[in-house]
Every structure is written in structure tokens, then in C-alpha cells.
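Presented as C-alpha cells, the chain that follows is alone, the form predicted on its own.
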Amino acid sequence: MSKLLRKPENAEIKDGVTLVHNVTSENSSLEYVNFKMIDLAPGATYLEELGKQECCIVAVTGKINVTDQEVTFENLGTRETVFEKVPTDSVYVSNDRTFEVVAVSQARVALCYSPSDKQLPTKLISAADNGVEHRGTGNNKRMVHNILPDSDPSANSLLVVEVFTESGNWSSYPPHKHDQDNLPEESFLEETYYHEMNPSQGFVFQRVYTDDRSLDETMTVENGNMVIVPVGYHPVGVPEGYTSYYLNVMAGPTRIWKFYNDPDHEWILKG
């Protein structure tokens, strides 16, 4: 059984609140990244005290209200499905705060965590604040929504991004990694992938491997699955006929995304 591939738990934790995924330092090999995905029925509420963690609350689908007991943001969320391919709203909440999410409609909400002990202001990251990028050429094209990039100083550790990859294309490709604390050449960042496909019966392939192949696992990833990337290269291949979405969360000792391409495949960039 894979330690990297996670399938939905879909556990009801209170009325109207379903825990879809729950990745923690206790149930995974990750130290810097924790992640929850929750589904909320209309009117349902989710309350959490953060302790020494910061959290980026992403309105994946549906509409929500978010408060940290001091400021409140209402009617967040811009889409009924991620495949509308428009940016969405998020809220950053720092450590030692309590936040509450209230569902205005049926909603899916990502809760992205990393360690933090320097309290920063709560911040709305509106859809309009998302930087939209088109990366790659040929069959290596993808569209990126930068929710919390390293150029935004709003967080202490968290990096959060959405990626859309079209039919027959590859992303996180050529294979790259960020598992060495060796700046300025490479940063150490753990990473999680939350995947969806359109149509929903689709799948993608994701390989996670290291140079010495002490880790080398290729997974068939279906709609709603997660992949954990503690170390190593981690390319994603999308079969013909399907579109891929994934939500990435990264964190490590230094909040810089500096990756290293697999030398065996870097030639592709020069072709």
C-alpha cells in the first residue's frame, strides 16, 4: 500500500462537515506541511484554534464566510467547479488565532498549514490578487493561479498554488525537485498535491523518485486523491481526453521556491 497516495476519507466529523482529507505530521512523513480538505453543507460551520501553525483557507468551490474573531470576510468563493478555471478567494490566518468557516452554499474548502511562531496579520487573498501564469511549451503547458507565492510576504512558511494541465500534457515537468536546503541553488520544500480531473472518471499518472531511486513510486491518481511529496522529483502526466487540476501546498525551513531539474531530462527545456 502506497504511503504517498491518499484516497478520500469522507468522514463526517460533525453535522454538515465532512473531512475529505487529513494529512498531518502524525500520519505522514511530513514535518512542514499539513493539509485538510473539508466539505460543508449550507449553513454548516467549522471552527479551529491554530496554535503554532499558520493556515491558508482556500474556497475551492462554493461560497463561504471566514472570520478570525476580529475580522470577517463574507461571500468568498468564485466557482461551482474548479474547471471553470477562474481564480478563487482565500484567507491567510496566522498562528495563535482561532478561525471559523461558515458555508453560505455547499462548499469544498482546503485548509493548508505549516509551522509558524511569528504572528502576522490576517489577510484576504481575493481572486483578483491571484497572479495567473501560463507556463511551458509544446505538450508541457499548464496554467497557474498563484495564491501564496514566495514573492508575497503575507505568510511565514506557506506557499500555495493551483495548476491546470490540459489533455495530453505534462506538468511539474521536466521533473524537478526541491529537497535540499542548499540555497541559492535549491531550497527544501515538502509538498502535497490535491488532484481533480475533468471528466471526473479520469486519472493522471504521478511519479515521485529520488536520484538514487531509494524512493521511486509511480501512481495512478484518481479524482479527489492526494499525493504526498516528502522528497524527490514529482512529474504529472495527463492522458488524452482529460483535464487536470491540482492544488499544491509547499513549506520548509526557508520560504523560497528554488527547484532543481533532473539533469537526465533538462535537455527538454533546450529543445
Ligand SMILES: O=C[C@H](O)[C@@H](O)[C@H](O)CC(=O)O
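Owing to the predicted nature of the structure, the values given are computational and were not obtained by experimental measurement. All residue numbers refer to positions in the sequence shown, first residue = 1.
The same protein also exists as the form predicted in complex with this ligand; that form is not shown, yet it is the one meant from here on.
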| query | finding |
| --- | --- |
| Pose source in the model of the complex; superposed partner this ligand; site open or blocked by backbone or C-beta within 2.4 Å | open |
| Stretch in contact in the model of the complex with this ligand, which is absent here, among 62-70, 241-249, 37-45, 209-217 (heavy atoms within 4.5 Å) | 241-249 |
| The single option of 169, 172, 95, 88 touching this ligand in the model of the complex, heavy atom within 4.5 Å | 172 |
| Single option in 108, 178, 195, 123 placed near this ligand in the model of the complex, where near means a heavy atom within 4.5 Å | 178 |
| 4.5 Å heavy atom contact, residue 257 to this ligand in the model of the complex | yes |
| This ligand contact in the model of the complex: residue 118, any heavy atom under 4.5 Å | no |
| Contact of residue 102 with this ligand in the model of the complex (heavy atom, 4.5 Å) | no |
| Residue 161: touches this ligand in the model of the complex, heavy atom cutoff 4.5 angstroms | yes |
